[in-house]
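Listed next as C-alpha cells is one chain, alone, in the form predicted on its own.
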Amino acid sequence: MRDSDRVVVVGGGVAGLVAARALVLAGRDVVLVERSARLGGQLASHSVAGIELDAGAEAYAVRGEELPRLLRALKLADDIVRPVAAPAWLHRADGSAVPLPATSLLGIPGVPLARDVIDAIGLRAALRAQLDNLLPGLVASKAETVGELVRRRMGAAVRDGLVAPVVRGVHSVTPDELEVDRVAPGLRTALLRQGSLAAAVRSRREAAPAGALVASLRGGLHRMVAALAADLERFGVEVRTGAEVISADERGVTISGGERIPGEVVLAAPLEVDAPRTRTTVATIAVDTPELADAPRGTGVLVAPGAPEVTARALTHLTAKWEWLAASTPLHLIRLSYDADVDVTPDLAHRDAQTLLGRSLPAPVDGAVVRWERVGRRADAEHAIDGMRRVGEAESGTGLASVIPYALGVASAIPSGGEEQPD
C-alpha cells in the first residue's frame, strides 16, 4: 500500500466518521485518529434512571436527502421516529406561558395576525409583523442573519419575543449570530419569490415532508455512532482512539508519542480554527409523578430571554415528545438546557422544571448533567488549509442536516482509489 493511497481523518465526531466511511467506500485506505477514548463527538449517550438517553443532540432537522440515505445504508431507516404531534410552548418574558404559533419556522410566524401569534406577542407587535406583507420582497433579502431578516421584515418584537427563544433554545446562539442560509437554506429565495417573509415561511412549511420538521431514532440518536463505527470496522478503516494529533500537514500527521502517519489529510476536528464556540450545559432529570401525564406544556418549553424565576433556556419533556421513550418507562424524563456560566445541579433543574411546566413535582429519582462545547461556522470562506481539507461544524454549521452533506461533499471531491464497494 502506497502512502499516497491513504487518507488520514483527524477527528472521530460524526463528520469524521461519515467522511471516513465515504472515503473507504470510494476505495481509499483510511486511518481515523480520535483524541478521546470514544467516537461520536456530540452524539453521545448517558444513563438516567437506568434508561439510555441522548446526552447531546436528540433530534435532527428533516431536510435534504443525504441523511435519510445514510440512515438507510446503516440499516437504521426502520427506526426513524417523529415526535408526538403536540405544540411546544413559550415561557414569556413576563413569566406567563402560551403555545408557540403553529405555523412558524424558527419562531417566524407564517400568519402574523393569527390568534396564537397575538396571544404570544400582543396585538401591536402582530400588527407590526403584518406590515411584512406590504414591504417589497427586496427588503432584507440580503440579510445574512436571522435576527436582521426578522427585525427588518416583522419588527424587533417578533425577533425578541418569538424567534430569540427558539433560536436560543435550539441553536444555543442569538438570532443575530445565526446565518439564515445555514439554518434555513432557500428562505431568502422564497422571500423574493413569494414577496413576503410570512409567505416564504408558509411555502417552506408546505414544501416540507409531511409531519414534524425534526426526527430521531428509536432508542436514541446516539445509535448512529455505533452503526457508523461498525461499518468502518467492516470496511477495514483503521480507527485509533486516545491518539492526539500534535501536528498535521498535507503529507500526513504526527500523533502523541511521535509516530508519523503519512497520507492525505482531512481535518474533522477544529484544529487551530478561529471559529465561534458556544458552551452549553444539559441537565436531565427523572421524576415519578402522574401530574405530567397530560403533558401540560406539550413537548417542551422555550424560554424568552429575561424571563423571571427561571434559569434554563429550554425544556424538553422527553417522554411527552417521543412515544418509544414513554413506552419504555413509567417515569417522566425532562431535559433542560442552560448557558455555560450557570452552575447547574439536578436541584436547579428540578426547580426550573416546576416553573416551566407549571406543576409541583416530587424530587427527582435520578439526574445527570452534561457540558458541551459547540463550534459555530467560521467566517473565513476558505475551507482548506495548507493542502488539507476540513469538515465539521466549523465548516458546515451546526446540526446533522448540515454536517453530514458537507462531509460527504468533501469526501467525494477526493479522488477515489478504485471501484466503490457496495453498502
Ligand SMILES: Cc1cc2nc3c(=O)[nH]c(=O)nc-3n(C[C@H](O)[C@H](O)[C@H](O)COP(=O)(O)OP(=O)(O)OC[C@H]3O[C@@H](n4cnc5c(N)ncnc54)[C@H](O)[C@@H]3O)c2cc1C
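All residue numbers refer to positions in the sequence shown, first residue = 1. The structure presented is a predicted model; accordingly, all values stated were derived computationally and were not measured.
Heads up, the form predicted together with the named molecule isn't pictured, but that's what we're talking about next.
For the residues Ile108, Ala129, Leu302, Ala269, the 4.5 Å heavy atom test against the named molecule in the model of the complex is passed only by Ala269. Among the residues Leu361, Met388, Ala49, Ala59, the one placing a heavy atom within 4.5 Å of the named molecule in the model of the complex is Ala59. Although the partner is absent here, Val14 sits close enough that one of its heavy atoms falls within 4.5 Å of the named molecule in the model of the complex. Proximity of Val410 to the named molecule in the model of the complex: non-hydrogen atoms within 4.5 Å are absent; the residue sits far from the partner. At the 4.5 Å threshold, heavy atoms of His91 stay clear of the named molecule in the model of the complex, well away from it.
At a distance threshold of 4.5 angstroms between non-hydrogen atoms, Gly40 is in contact with the named molecule in the model of the complex. Residues placing heavy atoms within 4.5 Å of the named molecule in the model of the complex fall in a single listed stretch, namely 261-269, out of 186-194, 144-152, 80-88, 261-269.
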